[in-house]
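Given as structure tokens, the chain that follows is alone and in the form predicted alone.
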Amino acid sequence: MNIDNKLPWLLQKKHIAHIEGDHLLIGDRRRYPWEHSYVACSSVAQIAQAIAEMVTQGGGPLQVGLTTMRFLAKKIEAGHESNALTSFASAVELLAAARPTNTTMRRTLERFLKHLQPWYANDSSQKSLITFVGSIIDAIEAGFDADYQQMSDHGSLLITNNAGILTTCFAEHTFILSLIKAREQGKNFTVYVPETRPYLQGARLTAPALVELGLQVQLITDGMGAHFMGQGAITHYMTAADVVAMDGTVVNKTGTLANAICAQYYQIPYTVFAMSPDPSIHTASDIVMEERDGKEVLYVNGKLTTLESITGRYPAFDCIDPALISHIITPKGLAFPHEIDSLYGQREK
């Protein structure tokens, strides 16, 4: 099931990451929407560095990680890397360390390693390494595409006609597909998109992607969510989740918490799209919260906005209490936060 033809440019797999010759090319979200450009990487170390430097973010590192496994298999067959399972395992560790809070890439690539083990255990395999790796990645990608479709079915039904939908940062596949399907169902709505300092993912990624799809968008600053809720313009709050713990705690981009608190005050439902709740994370205390270099908040698009001598702080994520969340949409269906453990827990395969 390939959903790329429904999605905006920057969410299509080949534009998130693809292989050309001896390089893996990563779509440079720092330059979007002004440029459709790529960062070329010739090693796993360079790919991990690109992820850490926000060349891609949100769900992007997952697709980059999967494509990296194809890239590494190609390098191994060309004799440029050691032909051993440890080569893949080391690559997984390096990539996962680049953005530690969002654990979906790590857990997905660890699942890939389990499926790869038989190739190294069976010297008589009739498939080349590239073919074997490709078949595993193809199956994983098809599984995610199916999850996107199922989750967006739920999301679209929650959107009412003439809705005002607030989001935070760039919620990617499931949220955008929900909007597409809601429009196909004949619903009118407006999406309110906060700019998302300091990298402006809302202004540069979400808003242009929705405009590309012909959806109604209003760009607002990060502090305006409460204002529009108070005016009655916003009827739904919807975001992605970088991490969901088993107690229903959600981690998402900084700014999500403030909007969630305001949504509860104004009795506006807050729905979270969660691709992969993490069964190893039980409560908020188990979550590794990334704090990036505070100097990043002194700049916008490479331009200094204040005195360079000022100390900045940049906690990259918010931790949202389950009491602030109405529903969590997962690949296993629509759930209340307290139901996440029973759905996923340690029984997840």
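When you see a residue number, it is the position in the sequence shown, counting from 1. Note that the structure is a prediction, hence the values are computed from the model and not measured.
What follows is about the form predicted in complex with a further copy of the same chain, which we do not show.
Heavy atoms within 4.5 Å of a further copy of the same chain in the predicted complex are found in exactly one of 255-263, 109-117, 86-94, 149-157, that being 255-263. Candidate site formed by Lys14, Ile19 and Val243: none of these residues places a non-hydrogen atom within 4.5 angstroms of a further copy of the same chain in the predicted complex.
By the criterion of a heavy atom within 4.5 Å, Ala98 is excluded from the residues contacting a further copy of the same chain in the predicted complex. a further copy of the same chain in the predicted complex comes within 4.5 Å of a heavy atom belonging to Gly223. The closest non-hydrogen atom of Pro198 lies within 4.5 Å of a further copy of the same chain in the predicted complex. In the predicted complex, none of the heavy atoms of Thr283 sits within 4.5 Å of a heavy atom of a further copy of the same chain. This chain lacks the partner; the member of Ala40, Ala45, Ile310, Val288 within 4.5 angstroms of a further copy of the same chain in the predicted complex by a non-hydrogen atom is Ile310. Applying a 4.5 Å heavy atom cutoff to a further copy of the same chain in the predicted complex picks out Val297, Leu298, Val300, Asn301, Lys303, Leu304, Thr305, Thr306, Leu307, Ile310, Thr311, Gly312, Arg313, Tyr314, Pro315 from 297-316, in order along the sequence.
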